[in-house]
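A single chain, nothing else alongside it, follows as structure tokens in the form predicted alone.
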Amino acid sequence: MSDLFTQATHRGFGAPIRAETSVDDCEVVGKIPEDLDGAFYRVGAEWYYPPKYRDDAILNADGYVTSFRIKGGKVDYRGRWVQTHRFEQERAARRQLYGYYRNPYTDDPSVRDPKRPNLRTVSNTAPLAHAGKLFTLKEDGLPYQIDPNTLETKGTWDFHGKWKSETFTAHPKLDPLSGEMIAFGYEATGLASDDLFIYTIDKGGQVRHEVRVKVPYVSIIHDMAITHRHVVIPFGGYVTGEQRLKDGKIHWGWDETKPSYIGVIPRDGDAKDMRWFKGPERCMMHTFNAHTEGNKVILYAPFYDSNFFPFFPPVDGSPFNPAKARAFIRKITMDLDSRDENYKEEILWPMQVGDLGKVDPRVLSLPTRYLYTAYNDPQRPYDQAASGPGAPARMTNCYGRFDIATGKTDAYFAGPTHNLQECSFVPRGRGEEGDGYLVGIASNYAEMRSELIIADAQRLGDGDIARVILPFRVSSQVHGVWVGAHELPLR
């Protein structure tokens, strides 16, 4: 997410773009594989108007969705604003109306509405394709439906009125065997509420099952995992409350005294079946995958030791500590037969990684061999001088494939002036796990432009197969996803 943090300065590569753009038949270096037929969708954060508060979170910026439509070795690019209720209000007023991240008490009086905080969503976090529809997501509101070809915003979606939570996670999970989607909403009944609603939605987009539970304390629940039998809900560290919001503070603060928790519930379970496993201080933002072995749930996740976000300050008044914002690939075990309330954790590799990780979607919920994520390799050459003004002191310069079975790693290196955003996995036909491609955006700081990387996931060390060259910078990505042409009505 380093490009996002850079953007907060409003200078250099991270300066606001504020433009909707299209490029047909993009320039390609190398040769795009003929079997790639689909679209790579990305969602990120862009300030259309500057933030009301200089120390606000970049996560509060307006949503921007992009697509790379790939077919027959050709690529067309689109970039559009997500036309949320909030964005329309800002454009009509021609100024910034909204205050701190997820705090309606700090909004302009003309839009202030603490009873309906989900109207403030910027839908800037992740794209989702399910049941023939494309959505943009952010965990503080409902999904926005997007036209998969034009990227036109169609409006919010509540699953035919059956979705009762006021919020919808940025990270639902799709079962590759059943086609079901498992999703949740936290703060489900309003600001700082301790209600968590968990849903199963069938492959046709109909809500099939709902369960409502209480959380041990109100915290960010950003991601989740599923197995073929269980739903896994991790969180920790971040806290909020009604009084904190009325005091005019940003929604979240970090409390290092709070334990981390991982909830495990059967996929068709009731509230009484939820079991919360406890652990030490952890920042639990993203997961790789999980599976069930007997009556043990195994979770792989790149969790941080402590607070990762400098704009969510410690509640005790101490400064943000970047030395503790370290992510490692962790294997976490929860024994449902044991009376032990604590989960067990093992760090699989000693190196730090980025926490925006992916697996082959064909093995989601099943035993996993390969984990993919971006990271910084200090042994790779980095030319900060050649990168130009505003370049970061450290680049996320590699995509890594981490082999759980052998402990080996394979790495793709982007180049000495390039910074990598999150990768996505593209399955190749009906191949086995790991047979496919990695795609992701590289920020070329030296030439002030963005490039789409396509690499063979089984031979990352060979470099990229192709690069799609854009003549400008694209918006900073939070998350992306590859969607095959068989999943959406793509033109």
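From 1 onward, residues are counted along the sequence shown. Remember, predicted model here, so these are calculated numbers, not experimental data.
Absent from the display: the form predicted in complex with 4-hydroxy-3-methoxybenzaldehyde (V55). The rest refers to it.
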Next on the checklist: Would you classify Ser165 as touching 4-hydroxy-3-methoxybenzaldehyde (V55) in the predicted complex, given a 4.5 Å non-hydrogen atom cut-off?
Outcome noted: no
Next on the checklist: At 4.5 Å between heavy atoms, is Lys258 in contact with 4-hydroxy-3-methoxybenzaldehyde (V55) in the predicted complex?
Outcome noted: no
Item to check | Residue contact check: Ala414 to 4-hydroxy-3-methoxybenzaldehyde (V55) in the predicted complex, 4.5 Å heavy atom | outcome: no
Checklist entry - Any of the heavy atoms of Asp360 lying within 4.5 Å of 4-hydroxy-3-methoxybenzaldehyde (V55) in the predicted complex? => result no
Item to check | Answer range among 174 to 182, 133 to 141, 263 to 271, 195 to 203 for contact with 4-hydroxy-3-methoxybenzaldehyde (V55), defined in the predicted complex as heavy atoms within 4.5 Å | outcome: 133 to 141
Checklist entry - Pick from Val468, Val478, Val474, Val483: which residue has any heavy atom within 4.5 angstroms of 4-hydroxy-3-methoxybenzaldehyde (V55) in the predicted complex? => result Val478
Checklist entry - So which of Leu128, Val75, Leu299, Met285 reaches within 4.5 angstroms of 4-hydroxy-3-methoxybenzaldehyde (V55) in the predicted complex, heavy atom to heavy atom? => result Met285
Next on the checklist: Under the 4.5 Å heavy atom criterion, name the residues of 303 to 339 that approach 4-hydroxy-3-methoxybenzaldehyde (V55) in the predicted complex, in sequence order.
Outcome noted: Phe309
